[in-house]
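There is one chain below, alone, in structure tokens, taken in the form predicted on its own.
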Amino acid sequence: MKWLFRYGCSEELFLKRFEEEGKIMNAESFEIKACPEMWKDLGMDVERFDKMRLMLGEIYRKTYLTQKNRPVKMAYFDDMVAEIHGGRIKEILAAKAEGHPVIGTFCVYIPEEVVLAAGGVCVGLCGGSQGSIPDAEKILPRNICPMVKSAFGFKAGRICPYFQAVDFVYGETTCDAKKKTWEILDTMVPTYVMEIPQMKKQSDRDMWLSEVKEFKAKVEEVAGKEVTVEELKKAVKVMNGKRRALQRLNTLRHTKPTPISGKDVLLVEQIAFYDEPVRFASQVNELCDDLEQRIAAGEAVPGKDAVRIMVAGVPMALPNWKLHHLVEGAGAVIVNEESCIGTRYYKDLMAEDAQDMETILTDLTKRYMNIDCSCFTPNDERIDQVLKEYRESQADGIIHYSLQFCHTYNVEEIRIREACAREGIPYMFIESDYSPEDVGQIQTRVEAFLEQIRG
């Protein structure tokens, strides 16, 4: 699949850049690449988007490239950010030109294996930026989830090349704001909606299997080809390989002391939603090799006595780095994300031994039903999972992070808080949005929480 490496050079030259550099990109040389002609061809508001590109580059330099003692292999992920609106878009457009379907996604419930088996490309479209919200609020209510508004605003304002490149958008019914927004979004870009069960009874599992089969038919229609058993088996192995790489990374960061910052792991997790999966897994495993050497050498980030914090709650779509930046700026380190951007995305693998389509799709259904989103009721599995990950990560406390107006996570936070109280786990709840207005308040609360843990 030659289209995977069309940055204007071959795969070998693309990856050789990182081997030759042997160091992390410094703040002075970093920039997010501009491709105004390509953006113009995509029908974007080029002038406005270029201003956002410059702002994002400045935020990235201050948030990431000022860190000390970063792993060398983070160079690849720095470059992926530099090429987020350039090289990666060129790859996607090249794939599309060769007949590969490009599907935009908002949720970890999308059966990525089906898309890959059809030769397709999945790209995450969740919004994590305040900059697109005013565009959304011209149409949508103000008092809904900022992630929904941010994503919708990127399309409404024509300020996201991924949105402009997709063949269709996959939506889902994990919350009321999303499922009604998809109706409006469908007037701007074809939007296919899957019904997500709200319980885990057998009837719900049967319904979800039916939804997966209908989604497969939709992907086949757009791709112009039928998904075969062999192609689906290969896709299962690709996705399992990607998840295993992320599992390995998360296990290594649990080492005490940790060899990598929480910000860097969060970045890797965010890039997982728009990078090519085979290449991504390879680069994550190279990073893990680097981390194993750092662990053996006793290298710690930020220090051996840093307070270790686990974050639970809603996903943090790129470039939402606010909480991690504040926590680690206060001298602590984040060692786990129990969220859709984190473990909820990669903790479960799929069986690889099925030999027929019905069994593979049934196994796929089982795997995705293990995702413990707060849309489910009851959701005891998530409470247990939070406590399990707290113990495995050797954390000293939990911060439950939620977005304003995210009702399911805000209400479920009560049960998480009660469980932490029973277990004697230091706990804090933060509800926020994407604006910088509450940074000072959150910083004060975080610093007080860390002092409480330190005693």
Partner chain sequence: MFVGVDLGSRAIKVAAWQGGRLVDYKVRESGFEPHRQVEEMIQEYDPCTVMATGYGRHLVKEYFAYEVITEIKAHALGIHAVLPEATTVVDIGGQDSKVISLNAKGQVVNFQMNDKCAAGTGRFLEIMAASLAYPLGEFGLAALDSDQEVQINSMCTVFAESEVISMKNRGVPRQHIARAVHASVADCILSMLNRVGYGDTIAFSGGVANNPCIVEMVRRSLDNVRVIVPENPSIIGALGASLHAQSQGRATE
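This structure is a prediction, so every number in the text was calculated from the model and none was measured. Positions refer to the first chain, counted from 1.
Beyond what is shown, the protein has a form predicted together with its partner chain; the following relates to that form.
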| query | finding |
| --- | --- |
| Contact of residue 428 with its partner chain in the predicted complex (heavy atom, 4.5 Å) | yes |
| Partner contact for residue 67 in the predicted complex: its partner chain, 4.5 angstroms, heavy atom | no |
| Residue 404 within 4.5 Å of its partner chain in the predicted complex, heavy atoms | yes |
| Partner contacts in the predicted complex for 436-453 (non-hydrogen atom within 4.5 angstroms of its partner chain) | 437, 438, 440, 441, 443, 444, 445, 447, 448, 449, 451, 452 |
